[in-house]
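Next comes just one chain, in structure tokens: the form predicted alone.
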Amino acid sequence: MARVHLQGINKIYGNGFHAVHDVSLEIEDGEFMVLVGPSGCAKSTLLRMIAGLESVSSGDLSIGEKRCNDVQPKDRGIAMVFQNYALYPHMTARQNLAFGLETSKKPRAEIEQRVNEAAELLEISELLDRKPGQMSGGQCQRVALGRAMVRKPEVFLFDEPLSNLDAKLRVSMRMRISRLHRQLKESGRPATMIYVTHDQVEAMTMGDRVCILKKGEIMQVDTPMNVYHRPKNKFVAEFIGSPSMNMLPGKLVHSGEQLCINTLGQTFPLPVEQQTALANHAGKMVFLGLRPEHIRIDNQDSKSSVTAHINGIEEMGSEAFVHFELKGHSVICKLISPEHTLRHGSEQTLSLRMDKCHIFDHETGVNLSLAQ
């Protein structure tokens, strides 16, 4: 069993810097968990604490049923894949794969079997007699992944392993790692995988669940789709999604019997289910959050329409990101298969999909739209 359990974990360095703040996280046996956040959020520090490369200042860290705070890295049943591959340059791929098993004094036949199995699964059999200098970055990373695999660990730890690869290779390696996780599970020997990245595309496409960190604190742990569609706070809403969620400052007000949001000098009615969730927050200063795909260019005026000027267009081929100046605020609209003839500086009528909006507390950033 390879459940990883963190309870009240803190990391405080000798100079007093508090890097990790009371982190509690349950990673299930065989789960693919992604730790994601901006630079400096302590995601790599947390991974290194799980690996045993950083000490735990306080709290309990367990792998399986064993408390591992003071257990040596080699005895934790983990294997780590680094950003820089960390292959021995004077050894062939075969020798790199076998090295850890040889130092553990495994039988020669078993070593050969494990190396060949990993090479076949990762499609690097033809590379086994090459040295790292004779391979591409993607091939080196597959060898590094194979070196972790042959140890048959209960937990794989990935520290931004794809950062040094170009865009095409990153896509290919994302698929390989996800496929490896699935194949191990289907073979009856599931491995828990904990993956650190600053790339939200990797987080959204690879993880069973995503843990979003900010300054050493957990902001939200949930499935990728829930994180996108039901962000718990303003930080998560703005961090997940590209382009970022639009945020407009406003105030919750009553207009007759309806609860509305007053922003941009206009009053926008909230959907019925939002009015129920926000009934006790009338008069509160808030942010109106809308994803770029939930703002549309629409020439028909309605209660949720507003006029804006275009100050930038990013053509992406199958989609376009249109930047608007909206009464002193910047707003981005995402168009799929754009057919509009749009010009810089032109005025357009925008329709806000209020049925898709989120309302965030101005002070705490908490998503008030979520049912309490």
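Please read these numbers as outputs of a predicted model, since none were measured by experiment. Note that residue numbering begins at 1 and tracks the sequence as displayed.
Form predicted in complex with a small molecule: not shown, discussed below.
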- Message: Although the partner isn't part of this model, could you tell me whether G312 comes within 4.5 Å of the small molecule in the model of the complex, counting any heavy atom of the residue?
- Response: no
- Task: Although the small molecule is absent from this view, report whether T341 comes within 4.5 Å of it in the model of the complex, heavy atoms only.
- Result: no
- Query: Just to confirm, L350 within 4.5 Å of the small molecule in the model of the complex by heavy atoms?
  - Reply: no
- Query: Can T45 be called a contact residue for the small molecule in the model of the complex at 4.5 Å between heavy atoms?
  - Reply: yes
- Query: Here the chain is shown alone; which of L61, I27, C41, L335 has a heavy atom within 4.5 Å of the small molecule in the model of the complex?
  - Reply: C41
- Exactly one listed stretch (66-74, 342-350, 31-39, 316-324) reaches within 4.5 angstroms of the small molecule in the model of the complex by non-hydrogen atoms, and it is 31-39
